[in-house]
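This document contains two forms of one protein chain, each encoded as structure tokens and listed individually as structure 1 and structure 2.
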Structure 1
Amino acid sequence: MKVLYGFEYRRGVSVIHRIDPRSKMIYVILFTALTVYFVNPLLLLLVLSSSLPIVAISRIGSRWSQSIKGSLFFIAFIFIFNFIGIVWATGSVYDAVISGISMSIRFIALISIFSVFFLTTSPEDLTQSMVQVRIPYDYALTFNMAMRFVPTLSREAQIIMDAQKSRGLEMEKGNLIRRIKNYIPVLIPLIISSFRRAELVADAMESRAFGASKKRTSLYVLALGKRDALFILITVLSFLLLLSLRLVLGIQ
């Protein structure tokens, strides 16, 4: 569950925090495209390192590293399966290692890019920016809520586990199937109380006139400023630079 900390917004005062989510979204889209486009591990490493200056400026180092550390388990998983797959298909251990490394770095780069975005973007700003790019408010709000309730859900899962342990449930007992079954008493209350809460939130919102008028106004309106122009400029330039490494120099 620790990997989630790396995506949970915390209030901050850095320049990055104040950049419009739409500008940051450009960074996310362009650099995510690069992680898919590049194959060479060194190029992927460059894509990964693009998020480091942002991490440094916004001072989210400790949380960002939590998201990376939390994903190590998946990375090991990805590496091993990739390795086995390639060796099985081509018989080349060298190719398999290189491809495993590429896949792993690609995954870390993706985690890093999204982690940087979510760590420095408040859910409210994100929703507002979605509305301002004409995504219907209902969808924007749904997304916002889903994000916001992740920490609530993980806290609640902990309480439920405690409650069932108090009734003599031993989660770490038995063979694999038994252990999976042990999660039923945790998952069912978690799902049901989520539904209950969703209903409550919906009722509470409707009681406060949610949906009363077609066009809502906003308390704050996001505006692109000079710092956004600068951020977009740097982003696009480094994107083009990285892209030319493959297109011009022919590195895959």
Structure 2
Amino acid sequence: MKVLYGFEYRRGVSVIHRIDPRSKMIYVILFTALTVYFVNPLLLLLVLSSSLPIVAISRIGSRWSQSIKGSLFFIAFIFIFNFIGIVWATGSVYDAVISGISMSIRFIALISIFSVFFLTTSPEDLTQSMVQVRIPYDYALTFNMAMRFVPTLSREAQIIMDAQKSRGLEMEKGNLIRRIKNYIPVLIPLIISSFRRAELVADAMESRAFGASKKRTSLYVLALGKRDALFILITVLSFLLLLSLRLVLGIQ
């Protein structure tokens, strides 16, 4: 569940926190495309390292590393599953190892990129930026609320798991089928809690007359500044530099 902590925003005062969400979204789109396009582990490591300066400047290293550590189980699963599949298909252990490493680094890079974005972007600013790029407010609000509930549900799931363990539930023992069944006492309270929370949100929105006015106004409007232009320029140049390694030098 710790990997979901990378979606929990906390207010900060760094330069990265003050950058317009639309500028950071350009970084997310371009470098996500690189993680999908690249196959070579070294190039994927370069894509992963692109988020490290942002982590250092924004001072979110502890929460960023927590989300990476929380994904270690999924990384191991991806490597093993990919390794077995390549060996079964080709019989080459070397290709299986390289492919497994590449897939694992790609997953870490994706977690890192999105974690940096959501850890440094206010949900209110993200919603406003989506509205200003002509996304309907209903869709922007839905996306915003979904991202807010991800860390909340993660904390609730952890609380429920701790409570069930204190009552004697052994979740780590038994075979795979038994372990899956052990999670039923966790999933049922979590689903009920989610429905209750959704009902509270619906009542709150109704009490505030949500949707009564077709034309909405905003207290403030986001505007791109010099720091946003500089961030976009650095992002695009870094994207083109990494892309040139693949196209010009022929590195896969």
Partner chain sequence: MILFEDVSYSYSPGRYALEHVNLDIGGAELVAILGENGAGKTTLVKHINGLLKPQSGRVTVSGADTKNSTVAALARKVGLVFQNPDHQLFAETVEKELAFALVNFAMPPDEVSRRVDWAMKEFELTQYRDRPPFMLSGGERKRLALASVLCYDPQILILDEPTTGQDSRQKIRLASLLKRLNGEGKTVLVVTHDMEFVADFIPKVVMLSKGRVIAEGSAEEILTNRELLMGASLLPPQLAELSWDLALQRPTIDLEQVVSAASKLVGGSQR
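Along the sequence of structure 1, residues get numbers from 1 upward. Please read these numbers as outputs of a predicted model, since none were measured by experiment. Here the rigid core means the biggest group of C-alpha atoms that line up within 1.5 Å when the two forms are laid on top of each other.
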Form selected (criterion: the form predicted on its own): 2
After fitting the core, R197 CA displacement of 2 Å or more between structures 1 and 2: yes
Rigid core fit then P151 CA moved by 2 Å or more between structures 1 and 2: yes
Flag for S122, CA shift 2 Å or larger between structures 1 and 2 after aligning core: no
Per-residue Cα shift, D162, between structures 1 and 2 [Å; core superposed]: 7.0
